[in-house]
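There is one chain below, alone, in structure tokens, taken in the form predicted alone.
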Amino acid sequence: MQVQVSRAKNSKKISSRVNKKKSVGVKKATGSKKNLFSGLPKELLLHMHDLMVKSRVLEERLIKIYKAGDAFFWIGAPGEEAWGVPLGLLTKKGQGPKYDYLHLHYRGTPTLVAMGMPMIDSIRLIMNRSTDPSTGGRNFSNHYCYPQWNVAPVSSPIEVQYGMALGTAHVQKRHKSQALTVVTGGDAGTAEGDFATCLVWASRRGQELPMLITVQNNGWGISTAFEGQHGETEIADRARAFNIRSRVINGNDPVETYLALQEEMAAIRKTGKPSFIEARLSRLYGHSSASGANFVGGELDCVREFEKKLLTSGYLKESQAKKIWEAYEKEGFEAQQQVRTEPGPSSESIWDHVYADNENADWRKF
């Protein structure tokens, strides 16, 4: 109970700061549909809602799989749908330097769902099946890898993706393709040297890199609160010190997020210089299964809040919303039943995919 109370207080502090410092370019709602959703079309709003529900249902299915004993560990992104879905929709998807590269952390499910990942792929990953397209069943949940979409392997070590992302950004700079590199991470990991390295190398005068550097600040680093760990007022202040264009947004609002991402990504494509976004959002099921993976009260639920706005505006009916939730519940359940029948990875396959083109990686055969 004490943990929930402290989380609620911390969440209110974060929400208060976000409300005081609104993102550039987002209009204040005046009651009309146009102003309520800042001019975004109805079709896009409903599409975002559908994907947000799909991502939430999938994550809750993964938690059920873990609690049923069908998986060893869960870590994921319930509460980050309003951030991750717009990011996935705005990404220039494809393979190679002409397309955007993504270096995600382990809360990237909403982004992958928005990019087209089927539920069953994520379920195969957490259940460690050989049919898992990301790792062949050899990694944790949410540790995705999609070479065909330029999604680099998600790494368990904290924040190393910030250093790795510099590499793909350098390639894109040479190709002059107007593509960009996206890197995401959590607030606690910004204490790692990889984060500072990223800011330094992305911002060198005359050698700036086309990067969207982001931090999803949910107010917690495992069980340590954000408030007592940072000397800076906002994590975005650290980017400003390097003259990197930066902003803080309400990551619980998919409309504000979509508009902010759209603006920053357009600026990067035009100038070839980096931008930084700190998204303030919620963590609804704790850090991971290591902390119980139970729903935490006192946090704002971005999916339910967005759904309420759509219902109030008349863009969505209660019956339609119910069908969306039920359809994805059914899809997730059926996928779990199918994956239960699929094989795990064999010992012989441990050397596969270690090097490009499946070059021999077995030291015993060198």
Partner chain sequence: MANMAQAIRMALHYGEAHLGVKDIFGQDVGAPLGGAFTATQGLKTTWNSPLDERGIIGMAMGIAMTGERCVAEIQFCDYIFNTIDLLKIAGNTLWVTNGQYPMPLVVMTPVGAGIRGSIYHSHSFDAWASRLPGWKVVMPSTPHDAYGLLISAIKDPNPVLFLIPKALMRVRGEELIPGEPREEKELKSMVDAPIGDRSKWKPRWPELQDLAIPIGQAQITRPGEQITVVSYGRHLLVCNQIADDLRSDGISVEVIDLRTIYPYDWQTVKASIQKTGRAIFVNEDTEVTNFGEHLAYRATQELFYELMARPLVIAGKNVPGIGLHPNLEDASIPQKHEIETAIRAVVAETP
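Numbering follows the first chain given and starts at 1. C-alpha atoms forming the largest set that superposes within 1.5 Å between two forms make up the rigid core. None of the values given here were measured: they were computed from a predicted structure.
One more form of this protein should be noted, the form predicted together with its partner chain, which is absent from this view; the next part is about it.
Participant: Which one, 250, 134, 190, 216, lies within 4.5 Å of its partner chain in the predicted complex by heavy atoms?
Facilitator: Result of the distance check: 134.
Participant: Just to be sure I understand the contacts: of 266, 241, 290, 171, which is the one whose heavy atoms reach within 4.5 angstroms of its partner chain in the predicted complex?
Facilitator: Exactly one residue meets the criterion: 171.
Participant: Which among 108-116, 83-91, 198-206, 278-286 is in contact with its partner chain in the predicted complex, heavy atoms within 4.5 angstroms?
Facilitator: Of the options given, it is 198-206.
Participant: Quick check on residue 352: any heavy atom within 4.5 Å of its partner chain in the predicted complex?
Facilitator: Yes, residue 352 sits close enough to its partner chain in the predicted complex that at least one of its heavy atoms falls within 4.5 Å.
Participant: Looking in the predicted complex, any heavy atom of residue 231 within 4.5 Å of its partner chain?
Facilitator: No, residue 231 sits far enough from its partner chain in the predicted complex that none of its heavy atoms falls within 4.5 Å.
Participant: In the predicted complex, is there a heavy atom of its partner chain that lies within 4.5 Å of any heavy atom of residue 272, even though the partner is absent here?
Facilitator: Output for residue 272 is no: heavy atoms all beyond 4.5 Å of its partner chain.
Participant: Please determine whether residue 101 contacts its partner chain in the predicted complex, using a 4.5 Å cut-off between heavy atoms.
Facilitator: Residue-level check for residue 101: yes, a contact with its partner chain.
Participant: Output the sequence-ordered list of residues from 293-325 with at least one heavy atom within 4.5 Å of its partner chain in the predicted complex.
Facilitator: Not one residue comes within 4.5 Å of the partner.
Participant: Is it true that residue 352 shifts between the shown form and the other one by 2 Å or more at the Cα, once the core is aligned?
Facilitator: Yes, its C-alpha moves 2 Å or more.
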